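Before any questions on binding or motion, here is one chain by itself as structure tokens, the form predicted on its own.
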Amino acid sequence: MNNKNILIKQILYLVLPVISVLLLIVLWFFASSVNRVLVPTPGDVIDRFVKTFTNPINNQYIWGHIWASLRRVLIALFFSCSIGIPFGILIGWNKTAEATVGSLFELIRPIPPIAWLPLIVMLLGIGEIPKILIVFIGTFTPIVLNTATSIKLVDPLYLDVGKMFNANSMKLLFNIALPASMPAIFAGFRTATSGGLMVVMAAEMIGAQEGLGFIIQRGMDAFDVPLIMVGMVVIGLVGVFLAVVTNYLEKLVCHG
């Protein structure tokens, strides 16, 4: 009986996502039947999506715009991880660092990434570096927070065992605290990835000539609602792709 219940649950968990997607499509059709101008049908969006492969937008096909947004997010994530993880380890492990630079980080942390946009544009213009910098700000914070918090929450029992074997502070950090913190650090990386994708959309709507945010802005300027929805759907697909990649990396690193 238990095996039968388990099998039913497994089938249910496989079917429920499909049902959710179908309900979303049904709702979409219903909304488009009310006002097709503002809410085009899925067929209209698919047709517009197909045209992006043959009719370039600002001399770029859809793949070029996808890569432009993805490139900005990946570059920002690289620098966020390279700087944010060591910084998070520092303020999570060292009380002096937490009291000094950690306090400065806590002061700046609540400022939304988009709030920096006007200042960065005035200082650096609307080129490529400002867009990457905005995404860096949006991805840096969750990586630092998760890293620092995970280091602080390492079970003291693990550290006490290491001290019994005369492990110094560096060995405790790299052999015990850091491995125990990897799942939480990857959770911060996943949050940063999705957050970076959201921030890059806003950055690309100001002065960009390529990218998914630029596509949405172009659709809004031309009142091309299907193009706007193409940009939205593609953003979702890129987000799913990044989630799958980060989940694979997490399993590879955290579970061998």
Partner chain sequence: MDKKLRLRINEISKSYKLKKKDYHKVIDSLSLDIFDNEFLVILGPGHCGKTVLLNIIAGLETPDVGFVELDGVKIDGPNPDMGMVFQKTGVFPWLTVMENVELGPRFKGEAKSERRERAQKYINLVGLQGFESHRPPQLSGGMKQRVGIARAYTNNPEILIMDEPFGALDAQTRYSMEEEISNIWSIEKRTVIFVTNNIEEALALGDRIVLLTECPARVKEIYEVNMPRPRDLMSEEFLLLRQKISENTDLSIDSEV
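Everything quoted here is computed from the prediction, not taken from an experiment. Numbering follows the first chain given and starts at 1.
The same protein also has a form predicted in complex with its partner chain, omitted here; what follows describes it.
Stretch 169-177 is the answer when you ask which of 102-110, 116-124, 144-152, 169-177 has residues with heavy atoms within 4.5 Å of its partner chain in the predicted complex. Taking the partner from elsewhere, residue 128 is found to have every heavy atom lying beyond 4.5 Å of its partner chain in the predicted complex. Residue contact with its partner chain in the predicted complex: residue 78 places no heavy atom within 4.5 Å of it. Looking at residue 83, you'd find every heavy atom of it more than 4.5 angstroms from its partner chain in the predicted complex. Although the partner is absent here, residue 163 sits close enough that one of its heavy atoms falls within 4.5 Å of its partner chain in the predicted complex. Taking its partner chain as positioned in the predicted complex, the residues of 142-159 that bring a heavy atom within 4.5 Å of it are, in sequence order, 157, 158.
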